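The form predicted on its own is given below as one chain in structure tokens.
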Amino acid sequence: MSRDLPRRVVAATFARSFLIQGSWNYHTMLGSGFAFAMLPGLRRLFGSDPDQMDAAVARHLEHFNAHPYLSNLALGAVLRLEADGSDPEAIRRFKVAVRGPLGSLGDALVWATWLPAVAVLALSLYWLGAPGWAAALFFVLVYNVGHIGLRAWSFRLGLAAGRDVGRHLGKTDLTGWTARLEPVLVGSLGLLVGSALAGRGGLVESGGVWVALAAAGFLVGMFGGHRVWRPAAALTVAAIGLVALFGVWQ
């Protein structure tokens, strides 16, 4: 039998979802945070029966891992399943089934696309002459509009769809959104390279050697791609350390 979920319970669950990584660990990963976020709903549904309450908390303390923003989709759906009186084993199987897709979709959309695109755009603004505080404010505002919006959207979708969340998620085409954001990331990288070369204090003002190194790095990245990024990153960090050590920047 489905039981009602007051708005204050739903709001409290969503608010707690921002802390879902607060108790991350190698054993349960997001499991402890998931159970913490579920507590307002579990108290509403099982608070009058201590044994049922303990059992409900225990099953949500189990291992769960997904992208922290899209985990809200599972959180909302599981809250709906608990309210509908679904079998605990069915809820456990549901969480196991959705954690992989939510992890891969979120990683591709947020960590590999949205976050770097906004960061690179903010850096480009700085190199083009914007004050440092303005570039930082741009990053904080733009990134969090997407970040909080994705959390709220996924939680509402899960709460409304329940066990049918997979079918509804397929209609949203998050993979397509990732593909549409990729040109933004590539374009912002080009803008950053151009502004770093020609902007204030850019490489053009540092002499031909740095311009040649930047051009070489661009060509290696363009033709080598993902095959060389790890050694290139290590070499860049080592070079920066040597430069700082010997005071070349002065």
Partner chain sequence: MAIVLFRVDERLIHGQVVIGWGHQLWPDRYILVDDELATSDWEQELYQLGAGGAGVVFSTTESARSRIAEWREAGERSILLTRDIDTMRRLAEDGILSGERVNLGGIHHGPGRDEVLNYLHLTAADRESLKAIAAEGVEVSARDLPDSHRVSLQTLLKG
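Note that the coordinates shown come from a computational prediction; the quantities given were computed from them, not determined experimentally. Positions refer to the first chain, counted from 1.
The form predicted in complex with its partner chain exists for this protein as well; it is not shown, and the discussion that follows is about that form.
Undergrad: Between 161, 83, 152, 112, only one gets a heavy atom within 4.5 angstroms of its partner chain in the model of the complex; which residue is that?
TA: So the residue touching its partner chain in the model of the complex, by this definition, is 112.
Undergrad: Contact between residue 157 and its partner chain in the model of the complex at 4.5 Å, heavy atoms?
TA: Output for residue 157 is no: heavy atoms all beyond 4.5 Å of its partner chain.
Undergrad: Might residue 94 be said to contact its partner chain in the model of the complex, defining contact as any heavy atom within 4.5 Å?
TA: Result yes; residue 94 sits at the interface with its partner chain in the model of the complex.
Undergrad: Give a yes or no for residue 146: in the model of the complex, does one of its heavy atoms lie within 4.5 Å of a heavy atom belonging to its partner chain?
TA: No, residue 146 stays farther than 4.5 Å from its partner chain in the model of the complex.
Undergrad: Can any non-hydrogen atom of residue 169 be found within 4.5 angstroms of its partner chain in the model of the complex?
TA: Taking the distances in the model of the complex, the answer for residue 169 is yes, it comes within 4.5 Å of its partner chain.
Undergrad: Just to make sure I understand: among 74-109, which residues lie within 4.5 Å of its partner chain in the model of the complex, judging by heavy atoms?
TA: Going through 74-109 in order - heavy atoms within 4.5 Å of its partner chain in the model of the complex - the hits are 93, 94, 96, 97, 98, 99, 100, 101, 103, 104, 105, 107, 108.
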